[in-house]
Structure formats: structure tokens, C-alpha cells
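Take a look at this one chain, the form predicted on its own, written out in C-alpha cells.
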């Protein structure tokens, strides 16, 4: 049993030039039946290899940040599972989920206390990337800029379709102080919420918009200053948390303080209001947030194409079936005369779902929870 000291476990490496902050508190309810409360999506192997999504996320910054330079912010109940996947990481336990602004503020005060004002490379734990080397170079370049400039940098993914399930970032003018770097860097003109299809099509055609992948590179002092400006009550509580971290046993106080914070994303809390937010285009790699079984199916069918647009584990059988994806392990799964299905066979249950309805898998979790309560 891992013993938490002041809501964290692990020790940072010495001499870090940047810290990777991995946000891993999600429960992955859209990935039932594989995703379970004790082992949600970020700990699953969904990218066509044996590594979990959180391990692949850490690998993307390994060129300049060692594993003991990684801070994983996750729920208290997931600390043990996190350490099984990343035994050298520092794990910061959130007593309750409070979205990305409190999560990253919590991480910022931790790093400021124990490492110093070095750039944070803040990433979601459950995305997949093809062309990792190109994205890794962007991360490192962004960290170099953030080390010198009082800016918040986000990575914008080049859209390849008019997607209505993702947020968008509109680029503005080029950021002059960063012209010495190889890539183009722009001020953010605006953040756009998930658009209707026609508007998403216009975004794609304009060439001025990027998908918002929720990645941020920023120094702790800059992030906390922005929270102080736009979310002063949250900033005041985070300062109290920072002080409690220095106590011999401030765990109870930290839990109470963190639980009092408003649940809000960093986009809403800061990025949509601040004038020092930059976007670096990510155009030399492919990215997916793997947000549903449908996006998982699209990813594996693109990366590992099989006949008739199908994808399946060894032992899967497709007869007169098209555009289907099957995930299982030990036993054969056969699809006959169907199309556009996702089938997941696991020890926790079997899912058969039309690709256009995978967003609704979360309701299965809610239904099963009600059955268990009754």
C-alpha cells in the first residue's frame, strides 16, 4: 500500500529544466466495458500495442524530461494503478475531480515548491499520436520559449475533417519574440466551442483554425499569476495549499482546500480571457483524443487496415461485414452480415454498438450503477 505524504508520493529528479504534468483523473465512462473505476481509459492499451495510453503520453516527452520529472495528477483511488504504469513518476492525488484549472494550479504550486519556476508541459493522459518525434520537438521548443517568455503556449492540431466534437483555436498574428525558432508561433485570436457541422466546415476551409487538444506549456509563476488575475479566489486557495504542502502533515488541510475549489477548465478560467496565450501549430503528426469507441475504431482502422475497412484482434472473423472494429482477447468473435459496428469483448461485459452511437456508452455505466444500487 503506497503511503501518501501531503497527498503525493515520489520525488522529483534534480536539475530538471521542465516538468511533465499528466492529467489523469478521468474515469473513461465512454469506454465501458474495458474501462472500469479501478482501471479507467488512460491505463488501457488502445493504440495497437502493449503499452498503456499514459505510458505512451510520457514517452512523448522522454527526450528532454525523465520519468522522475513527470508529475501525474490523478484521483486518490488511482495512485496505485498509476505507479504500476509509471513507477518513477511523482503522483499528486486529487481528493475530488475539479477539472483542469484547479488540477494544473495544484500541480503548479507543487512544482514551484519542489523544483522551481521551470516550464510545465501539461498533457492529457489518454491521447494517441502518430509521428511522435515531430510532436516531441514541438513540446521541447515550446518549453524553451516558456522558460524565457511570460506566455501560455498551447498546441493546435491541424484539422483533417470538419469535426463537431472538438473545440477549435483561431490563430492571430505571428508572435514576434519567437521568430528565432524554427516553427511558426501565433497569438491566439479566439477559442471556439464545439461547432455545428457547417461552421466546422468553414473553420477547416479557412486554414486559420486548429483543433484544441488541451495541451499547455507554461511556467508555474505565469499560470498562477493568470489565475490570480482571472480567478482570484482560486488563486488564494492554491496559495494556502502551497503553504500546507510545507507542513509536516498538511494532507487534511490540502484535501479540504482543494475540495472547495470551483470545477472549471483552464480554457474557460484563463485562456479565453488572457492576452498572453500562444498557439504552436502541430502539422507534422496525426493526433486523436480517442474520445469514444468510434474514434478508437477510426484510429486503428487507419493505422492497421484490414479487408473491407474492418479491424479485429487475432481470431476475429468478418463475413460479409464492413467498417467494423472488434476488440477482445482470448476467444473468437465473429461478425456476419453487418456494418458500422464496434464490438468489445471483455471480462466485465460485451458491448455491441453502432459507430454513430458510441457517445452514449456512458449511459450504460449509469444504468449499471442504478442496477447495483437497487
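Numbering follows the first chain given and starts at 1. By rigid core we mean the largest C-alpha set that fits within 1.5 Å across both forms. Small disclaimer: the values here were computed from a predicted structure and weren't measured.
Omitted from view is the form predicted in complex with a further copy of the same chain, to which the following refers.
For the options 65, 341, 46, 56, the one in contact with a further copy of the same chain in the predicted complex, meaning a heavy atom within 4.5 Å, is 341. Across the proposed site, 315, 354 and 363 without exception bring a heavy atom within 4.5 Å of a further copy of the same chain in the predicted complex. Put simply, residue 305 is far from a further copy of the same chain in the predicted complex: not one heavy atom of it is within 4.5 Å. Interface membership of residue 4, defined by any non-hydrogen atom within 4.5 Å of a further copy of the same chain in the predicted complex, is ruled out. In the predicted complex, a further copy of the same chain lies farther than 4.5 Å from every heavy atom of residue 369. Heavy atoms of residue 309 never reach within 4.5 Å of a further copy of the same chain in the predicted complex, leaving it off the interface.
Heavy atoms within 4.5 Å of a further copy of the same chain in the predicted complex are found in exactly one of 315-323, 36-44, 57-65, 22-30, that being 315-323. Although a further copy of the same chain is not shown here, in the predicted complex the stretch 316-335 places heavy atoms of 316, 317, 319, 320, 331, 332, 333, 334, 335 within 4.5 Å of it, in sequence order.
With the core superposed, residue 9 shows a C-alpha displacement below 2 Å between this form and the one not shown. Core-aligned CA deviation for residue 365 between this form and the one not shown: 2 Å or greater.
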